[in-house]
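In what follows, one protein chain appears twice in different forms, each by itself as structure tokens: structure 1 and structure 2.
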Structure 1
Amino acid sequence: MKVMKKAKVEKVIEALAKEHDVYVPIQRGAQTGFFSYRTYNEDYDDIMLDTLNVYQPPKSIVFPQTEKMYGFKSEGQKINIDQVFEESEPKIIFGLRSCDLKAIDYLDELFFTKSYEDEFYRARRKSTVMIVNACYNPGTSCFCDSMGVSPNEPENADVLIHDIGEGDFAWEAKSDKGEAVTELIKDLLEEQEATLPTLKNFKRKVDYEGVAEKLKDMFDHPMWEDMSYPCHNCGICTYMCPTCYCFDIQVKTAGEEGYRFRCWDSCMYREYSQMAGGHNPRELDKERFRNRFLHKLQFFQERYGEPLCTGCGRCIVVCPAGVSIIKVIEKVKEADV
């Protein structure tokens, strides 16, 4: 089996970074996230291949928080769209986990299926290689297997790496893209016997079975009032969620020129569905809270066949009000309908 020895990890990343923008899980000051290796500062940053989930998921690499769409110039009454920004620089996400890869599978479903395909997303997504770090020791807030995600045998990885101890990683190319990047660093890998770890038990289990179906009859259930009561509608859950994809489209104009861009939006905010004439179908905090959880647990399931949650646990960890999607699922299971 091919193995990337501990001492070679940075060399592998460096070698890949010659032709790719490589995103690596990094502890940087108080934050953790996938940052470009071009910005890596060895005096301050720590590469974290042994951490389960960094706070900021890698979705921003294929679906940036703010993304230019097209530029325009006006001249009197004439307006010309003179640039379309489809970004396709080769990229690698190095060391993402199965839950975050699955989340990107859901973004693929959203952006590539059900009629129109999103060209901005396509340009980034097709040029990105996924090097997935298999999980064998689920964390205290992890429940990916309850949401149908395999922590150590993900589908759609380009390369799968396995922590085999002592900081060494077994390296398996899983796709043509994966073979191609393996070729770039083959001299840095060693051929040796390696035993893959055994998957440990999940500390957290959630029973999602039948939840989507049951929710069909729970739109007016009093649990939404109770569960949404502590929620501040701050939106942090939506920003930290690897699957949340709602976006806004806005324009920046300076003088005769400008550009249109899209940026992440949050269903937690009133403006999200506020119409110009004043009508808002989800005026109340409770209604927006309910829509978020129904979208994750029922609506996305109905439309795409899977829940829009990969059990990464980030929303539970970051919520200042103690809202937990696990508790929401449990309440649905317990509820009398």
Structure 2
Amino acid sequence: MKVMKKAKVEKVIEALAKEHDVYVPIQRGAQTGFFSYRTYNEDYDDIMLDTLNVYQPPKSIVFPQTEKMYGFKSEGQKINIDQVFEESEPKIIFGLRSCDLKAIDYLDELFFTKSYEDEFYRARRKSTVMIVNACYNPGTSCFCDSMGVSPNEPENADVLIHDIGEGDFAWEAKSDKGEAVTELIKDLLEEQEATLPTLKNFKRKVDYEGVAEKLKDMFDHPMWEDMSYPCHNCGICTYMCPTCYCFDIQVKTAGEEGYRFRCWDSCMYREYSQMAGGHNPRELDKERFRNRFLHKLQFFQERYGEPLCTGCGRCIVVCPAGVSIIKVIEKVKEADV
């Protein structure tokens, strides 16, 4: 089996960075997330391959928080598009976990299927390689297994690495993309026998089975009033979530020139559902809270066959009000309808 030794991890990343923009899990001050290795400063940053997960998921690498779509110029009554901003630079996401890989799979479903393909997402996504760090010791807020995600044997990884102790990683190429990047660093990998760890038990579990079907009859259930009461509608859950994809499209102009851009939005904000005439179908906090969880647990399941939650636990960790999607699922299971 190929093994990446701890002492050579940074050399491996540096070698890959010669031909790719490599994003790695980094602690940068009070922030943790996936940052480009081009911005890495060893005096201030710490690479976190040995940490279970980081707060900010790698979603923004394939679906940026703000991205230009196209530029235009007006000439009288005509508007001419003079530039399309399709970003296709080769990228590697190095060390993401199975829950985040599955989240990107869901974004693929959204942007590539149902008779529509988003060209901006496509250009970025198809040039991105996924090097996944297998999980064997679930954290206190992890419940990916309950949501149908395998922490140590994920689907669609290009390369799968396994922490085999002492900071060394077993290295498995899983796709043609994975074979190609493996070839780039073959001189930095060693052949040796390695025993993969055993997956430990999850501390958190939830029974999602039947929830989507039951929610069809719970739109007006009083549980939404009770469960939404603590929620601040701050939206931090949507920004830390690896699967949330609400966005707005706006225009910036200066004289006769301008550009259209896409930026993240949140269904937890009142303005998101505000209509031009002033009507808002989700005026109340309760209605926005309900919509978020119906989308996660019912609507996406009905359209794509899987729930829009990968059990990463970030929303539970960061919520200032203690709102938990696990508690929502449990309430649905217990509710009388």
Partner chain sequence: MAECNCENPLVPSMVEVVDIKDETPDVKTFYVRSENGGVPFNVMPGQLAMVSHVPVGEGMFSVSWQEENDHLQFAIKSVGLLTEQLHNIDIGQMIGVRGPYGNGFPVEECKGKDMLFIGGGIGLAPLRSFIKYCFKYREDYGKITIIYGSRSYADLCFKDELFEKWPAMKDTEVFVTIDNEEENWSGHVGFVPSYLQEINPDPQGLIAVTCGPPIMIKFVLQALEKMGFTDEQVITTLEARMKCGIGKCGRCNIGSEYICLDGPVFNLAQLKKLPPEW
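Here, residue number means position along structure 1's sequence, counting from 1. Shifts are known only where both forms have a C-alpha. Bear in mind the structure is a predicted one, so any value in this text is a computation, not a measurement. We call the rigid core whatever largest set of C-alpha positions still superposes within 1.5 Å between the two forms.
- Only structure 1 of the pair represents the form predicted in complex with the partner chain.
- In this core-based overlay, residues 74-79 form the only run of three or more whose Cα positions differ by 2 Å or more between the two structures.
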